[in-house]
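The chain below stands alone and is given in structure tokens; this is the form predicted on its own.
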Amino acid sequence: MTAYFIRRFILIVPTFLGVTIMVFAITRFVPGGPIERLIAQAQQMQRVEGGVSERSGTGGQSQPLSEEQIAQLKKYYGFDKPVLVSYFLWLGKVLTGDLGTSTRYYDPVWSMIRERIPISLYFGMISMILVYGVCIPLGIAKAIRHKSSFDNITSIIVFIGYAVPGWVVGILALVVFASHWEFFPLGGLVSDGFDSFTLIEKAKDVAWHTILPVIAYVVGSFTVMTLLMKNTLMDNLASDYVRTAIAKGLTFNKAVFKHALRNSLIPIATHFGNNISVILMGSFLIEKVFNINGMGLLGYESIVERDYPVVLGILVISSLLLMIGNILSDICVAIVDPRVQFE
């Protein structure tokens, strides 16, 4: 087993290189980068100021920057070198802990990410606890009461939640509960004047701002986890070893919780490690809807604004977390199922 996990950790290196070099190359060829944005801003300022001194650009459009200025900008942003050369220069900085500087805010990328990680981690941990804490008992109850009224009603509820995207649920919740009924705030994580609150008031304020975003986070996750728990438990309840245990005099509840349940947790364990990247990276659209300044909103804005250093910095963290999460999933499976032997 040790050799297996060593090989898995070694495979992180080529996988990381493949993912990052592909995205890095895309950022070099996709139009609308920092240089194009600066040119567009200069053109906008020129139109506003009514400037008349314009240089002829490509396509007959006004070009406020000279070729020398554009060349200097390409050198400043590292666009004057071939893609592979630029990639390995960037990778060398990443290995030293330098994720670069934002082309939009001109702040270090790592400091921007570090400020937002606790926010996304806060919502991710709460969502994960709720999903696992509700879905596992609900799946067990649905399996035991299969085809009952409880099973049918809960199935309808979870399927409706699965059919509606989380960000749509967030918008509906804001319209109904925040705008119309004014039960909850319209967005953000804290209220105005938060710094002047007492410790208890701060905790209540954060909790009040947390309810609607968490609902949007978890509403779509209940279905997959609940039905996975239900179906795997039903399969194990129909197995020969469970029927044999009941035939030997073991009660149904003991057969469920002492025999079938542990084997049914194996598929749940395979998803546990993969959730690490989701917990930390947040949700782009949900954080945008609720104006939560977490990793999701940072990633969304960096993509929209073509802030490539931030995009690549988030990619570095998310890809590493995803690969490490896959290894943790294997460890969880080995813990839950002692029959698993990794060779």
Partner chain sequence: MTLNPLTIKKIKRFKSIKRGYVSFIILCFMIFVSLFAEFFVNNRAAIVYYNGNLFFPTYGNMKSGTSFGLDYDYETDYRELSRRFKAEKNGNWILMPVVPFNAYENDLRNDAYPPFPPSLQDKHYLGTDIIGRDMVARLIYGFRIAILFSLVLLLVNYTIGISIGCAMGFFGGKFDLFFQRIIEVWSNVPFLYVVIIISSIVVPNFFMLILIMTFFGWIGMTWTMRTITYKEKAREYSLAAQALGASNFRIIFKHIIPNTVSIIVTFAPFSVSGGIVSLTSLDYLGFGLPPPTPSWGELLQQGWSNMDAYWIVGSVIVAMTVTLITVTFIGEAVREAFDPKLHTTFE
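Residue numbers count along the first chain shown, from 1. In this text, all values refer to a predicted model and were calculated from it rather than measured experimentally.
Beyond what is shown, the protein has a form predicted together with the partner chain; the following relates to that form.
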Answer key: of 184, 167, 272, 122, within 4.5 Å of the partner chain in the model of the complex (heavy atoms) is 167
Tell me, which of 261, 130, 171, 268 has a heavy atom within 4.5 angstroms of the partner chain in the model of the complex?
-> 171
Should the three residues 95, 111 and 276 be counted as contacting the partner chain in the model of the complex, with contact defined as a heavy atom within 4.5 Å for each?
-> no
Do residue 335 and the partner chain come within 4.5 Å of each other in the model of the complex, heavy atoms counted?
-> no
Is the gap between residue 19 and the partner chain in the model of the complex 4.5 Å or less for some heavy atom pair?
-> yes
Using heavy atoms and a 4.5 Å limit, would one call residue 69 a contact residue for the partner chain in the model of the complex?
-> no
Counting only non-hydrogen atoms and a 4.5 angstroms cut-off, does residue 235 reach the partner chain in the model of the complex?
-> yes
For the chain shown here without its partner, which stretch in 198 to 206, 237 to 245, 98 to 106, 133 to 141 has non-hydrogen atoms within 4.5 angstroms of the partner chain in the model of the complex?
-> 237 to 245
Residues of 134 to 167 having any heavy atom within 4.5 Å of the partner chain in the model of the complex, listed in sequence order | 146, 156, 159, 160, 162, 163, 164, 165, 167
